[in-house]
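In structure tokens, one chain follows: the form predicted alone.
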């Protein structure tokens, strides 16, 4: 009886061990997962001309960050078109990355100390700053003219917090209204529901072009370094992403891509 009991227990233990080992073996690394899948899944913007934009005429994604992702796909898979682009917003990008639905985020993602606790970042490939887009007839010339007024910002971004601090320094009071997408903020500005549209200047330029009745104010209220985010622990993928970004910067190709997409920022090498 005792011998049968221990035999059953041993068989059960061995079975559980084999299942555990099989599970460990199936996880692999982030790069292994991408290679087995045969494509890179990237979170990108779909509404930011110059960075990540889904062209309604072609149905294709285009922009600086799209080209960077294609270079990463080529490095990993040997094919720049082996990419699935998933539209993300400031609110959704970190969650989608950390729950494994996407491999990386290339979506005007500003590096901050707080965000470094949640994700890993590549070297910076572009630097921008928060600006204000207002209606031409508003009489607003800078943040100092915004006392008691409302600024539209994107959900999940830290734009509102930064501007609140700047307003406090100026001795004025402002309010912020959050929206899911940039087009929604532009619509709110046109309708008079907000007095200004705030985000990074390069993003605002594309919306200023869409409405000649708006004006982009020149002053910048922050420094916004963009980098590609990968999930913490995916060190092999992080290293490849860093390598690709560095190669693009050092070769001068990053500057060429910035010019190609009509952007005016950049970085110091």
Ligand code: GLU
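Owing to the predicted nature of the structure, the values given are computational and were not obtained by experimental measurement. Numbering follows the first chain given and starts at 1.
Another form, the form predicted together with the named molecule, is not on view; read the next lines as being about it.
Engineer: Only one of 207, 226, 53, 221 comes within 4.5 Å of the named molecule in the predicted complex by heavy atoms, so just point that one out.
Structural biologist: None of the other options qualify; the answer is 226.
Engineer: Could you spot which one of 145, 180, 158, 127 gets a heavy atom to within 4.5 Å of the named molecule in the predicted complex?
Structural biologist: Residue within 4.5 Å of the partner: 158.
Engineer: With the partner removed from view, which of 238-246, 213-221, 32-40, 196-204 is the stretch that lies within 4.5 Å of the named molecule in the predicted complex, judged by heavy atom distances?
Structural biologist: It is the stretch 196-204.
Engineer: Find out whether any non-hydrogen atom of residue 107 is located within 4.5 angstroms of the named molecule in the predicted complex, and reply yes or no.
Structural biologist: Within the cut-off, so yes.
Engineer: Using a 4.5 Å heavy atom cut-off, state whether residue 74 contacts the named molecule in the predicted complex.
Structural biologist: Contact check for residue 74: no, nothing within 4.5 Å of the named molecule in the predicted complex.
Engineer: So in the predicted complex, does any heavy atom of residue 115 sit within 4.5 Å of the named molecule?
Structural biologist: Close contact exists here: in the predicted complex, residue 115 approaches the named molecule to within 4.5 Å, heavy atoms only.
Engineer: Hey, in the predicted complex, does residue 90 get a heavy atom within 4.5 angstroms of the named molecule?
Structural biologist: Contact with the named molecule, yes.
Engineer: Which residues in 125-148 have a heavy atom within 4.5 Å of the named molecule in the predicted complex?
Structural biologist: Contacting residues: none.
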